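There is one chain below, alone, in structure tokens, taken in the form predicted on its own.
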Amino acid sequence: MKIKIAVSGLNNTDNPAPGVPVIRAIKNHPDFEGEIIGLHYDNLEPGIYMEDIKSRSYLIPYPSEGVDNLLNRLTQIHEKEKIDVIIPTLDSELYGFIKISDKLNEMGIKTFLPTYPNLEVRSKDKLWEFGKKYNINVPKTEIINSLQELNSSAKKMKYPIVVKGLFYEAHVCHTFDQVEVNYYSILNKWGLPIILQEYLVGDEYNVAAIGDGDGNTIGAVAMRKLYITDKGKGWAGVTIDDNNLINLTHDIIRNIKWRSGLEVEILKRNEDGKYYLLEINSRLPAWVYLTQQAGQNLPYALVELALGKPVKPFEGYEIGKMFVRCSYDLITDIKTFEKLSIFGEL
């Protein structure tokens, strides 16, 4: 059956979104027949200009512009494209897509999204409470909603401190001056609350996974970062065999009945070998193409779940499969960019 899938998050710079790797994984599945439609927020998102990634791409409104504008734009696109499935890949857009998911379903557009309770319980400002409830180690955390709280909380904590935004960004700070600078930087971009977190020394690991909404794990692949950029993004990584990581992910999915894709960030502390939960990201990660290459095509499984098909859980994956990101120039014509700017589609 030929299907048409729309995927957001085509940014593929040094802070890449998951859209392009999600598309690559879907197109690599032997059963996939159909077209990929891109949904972009900025006309300079590199995925728009990549060959063999999508058939067409459409500009959609930023989440800050409200769900009514999003629904109206998706309705216009659907009238042209007759979309079967939409996969939003960014944390910040999930609330809006969840809110309009019933209306999308009425239009014939399927999704497989987290629930509102899913998003709330794993939010960065709730993670400390989550860890205490389910007996999972989480670095000591302070939630900041004002400059006064920043001053008092920073004095309680041992440096270095990690300053985090609710959706994006994390900065390691060694002095209060650095804390204050990053506080204002994140505040201006993402607003409150802002999180101060204990900095732990150890190896960082990530697990990409999918939950079926009933507490079952459809698939989970663990990866160790080999190179981390100054933005904290893994630029190289390798699949590893560590049942502690996989079991912790299974526990999280079972405890909160996670629905859809997610990424679990975990640190193994050098001091005592204990595992600490750093974050639960509410979408598949930008390194998700590695899961397909290692034997678990999580993006395609997400498509099948959206279509209501039974999906058998994956068993195992190839250990030692490695990814290394690269940067290269995409050449296009200024007329192409002008067309995008005028019509909002390509």
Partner chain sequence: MKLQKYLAVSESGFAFLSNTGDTFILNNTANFIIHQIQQGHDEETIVENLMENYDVDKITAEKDVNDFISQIKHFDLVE
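Residue numbers count along the first chain shown, from 1. None of the values given here were measured: they were computed from a predicted structure.
This protein has a second form, the form predicted in complex with the partner chain, left out of what is shown; the following refers to that one.
With the partner omitted from this view, the residue of Ile143, Ile136, Ile98, Val238 that lies near the partner chain in the predicted complex is Val238 [heavy atom within 4.5 Å]. For the candidate set Leu147, Leu192, Met107, Leu226, a heavy atom within 4.5 Å of the partner chain in the predicted complex is found for exactly one residue, namely Leu226. The stretch among 283-291, 317-325, 55-63, 40-48 whose residues place heavy atoms within 4.5 Å of the partner chain in the predicted complex is 317-325.
When contacts are judged by a 4.5 Å heavy atom cut-off, Asp242 counts as touching the partner chain in the predicted complex.
Among heavy atoms of Phe112, none comes within 4.5 Å of the partner chain in the predicted complex. When the partner chain is considered in the predicted complex, Tyr205 lines it closely, a heavy atom lying within 4.5 Å.
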